[in-house]
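Presented as structure tokens, the chain that follows is alone, the form predicted on its own.
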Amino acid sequence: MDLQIALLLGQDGVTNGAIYALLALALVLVFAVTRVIFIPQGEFVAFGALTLASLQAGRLPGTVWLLLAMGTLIALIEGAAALRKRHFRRIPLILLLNCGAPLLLAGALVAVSSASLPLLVQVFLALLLVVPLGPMIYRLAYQPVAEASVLVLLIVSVAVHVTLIGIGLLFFGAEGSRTPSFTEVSFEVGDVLLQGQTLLVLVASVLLIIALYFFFERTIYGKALRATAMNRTGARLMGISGSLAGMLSFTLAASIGAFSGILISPITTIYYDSGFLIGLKGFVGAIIGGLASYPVAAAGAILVGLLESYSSFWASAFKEVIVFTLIIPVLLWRSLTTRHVEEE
């Protein structure tokens, strides 16, 4: 390996690591607020990329039907609850948010050829179709068992993951998709050719991390999430709704996942089940951070990306094994240095 190859591998590693860092941050956020190990995080990556690919091909994405189905189910549940409590004025709003908005979006996509729309509009539409699935999944799958043990929540996550994998196969098929590159610009830095797409991924990832920092530091909802992550019982006593905090954390996680999928869609071919492996690598970064520290989780995810990149050069057949083996010494070290606490 010469210097040029080492720099190219480092470039790929940092690019992949930036995506893993975003997913690691989302996993830490969801676990800190809701105690859910969000295994389906990777499915939002795949859904975001495949939805954008469908829009660019002029097809109606399958996520439209998933959004309509889940919205209808939530409207039935919330509507029945409102009827029991005699909150009749809430019913029109429930129907509008859960059924009306998805129907309006579906009608717009049917009426307009999505292939002829500008790239930014296509990206925005893809996010509109995928991001609402996050809070909807929380409402249907996690909110009814929000007070259960971490083990029960993990089992629910596995069930949601398997369900979304099957839905992805049904909607998008077994063939992979890749979107055209967002930019064809490239730069020569010494002997290394730096692709504009790589820079776009890095800049967008950094900007998103900065935006998350300001969200948690400067907004009332961000501070509410931080309070819930620090002490759920104390946050409730201060009037912070646990359900609202859960839905907000899942919305952010879905946004990060879908946005990450859109970023990498021109770089790699995405299949209906590609998100699982990508999400697992973000999970390794989150484990390095102890599912608690955002900076350490991000640094661990960058390490995972670099390790994956250089492993692909030295032992490409074992690169996944090498990456996931990293979790063993981390867990061993944490088990020896962290005081064990029984869950109440």
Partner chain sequence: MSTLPEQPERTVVLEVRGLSVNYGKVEALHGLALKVHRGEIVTVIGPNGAGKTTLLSALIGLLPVRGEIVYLGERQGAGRSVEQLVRQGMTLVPEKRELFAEMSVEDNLLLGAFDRYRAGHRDHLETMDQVFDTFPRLMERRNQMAATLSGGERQMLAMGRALMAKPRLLLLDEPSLGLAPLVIKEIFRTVAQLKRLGVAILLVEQNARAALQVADYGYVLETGELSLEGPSSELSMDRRVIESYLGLGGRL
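Positions refer to the first chain, counted from 1. Note that the structure is predicted; figures quoted are calculated from it, not measured.
What comes next is about the form predicted together with the partner chain, which does not appear here.
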Going by heavy atoms within 4.5 Å, which of 107 to 115, 76 to 84, 224 to 232, 123 to 131 lines up against the partner chain in the predicted bound form? 224 to 232
Answer for Ile210 alone: is it within 4.5 Å of the partner chain in the predicted bound form, judged on heavy atom distances? no
At 4.5 Å between heavy atoms, is Val203 in contact with the partner chain in the predicted bound form? no
Ile240: touches the partner chain in the predicted bound form, heavy atom cutoff 4.5 angstroms: yes
Please run the contact check for Leu244 against the partner chain in the predicted bound form: heavy atoms, 4.5 angstroms, yes or no? yes
Those residues of 102 to 127 which, in the predicted bound form, come within 4.5 Å of the partner chain by heavy atom: none
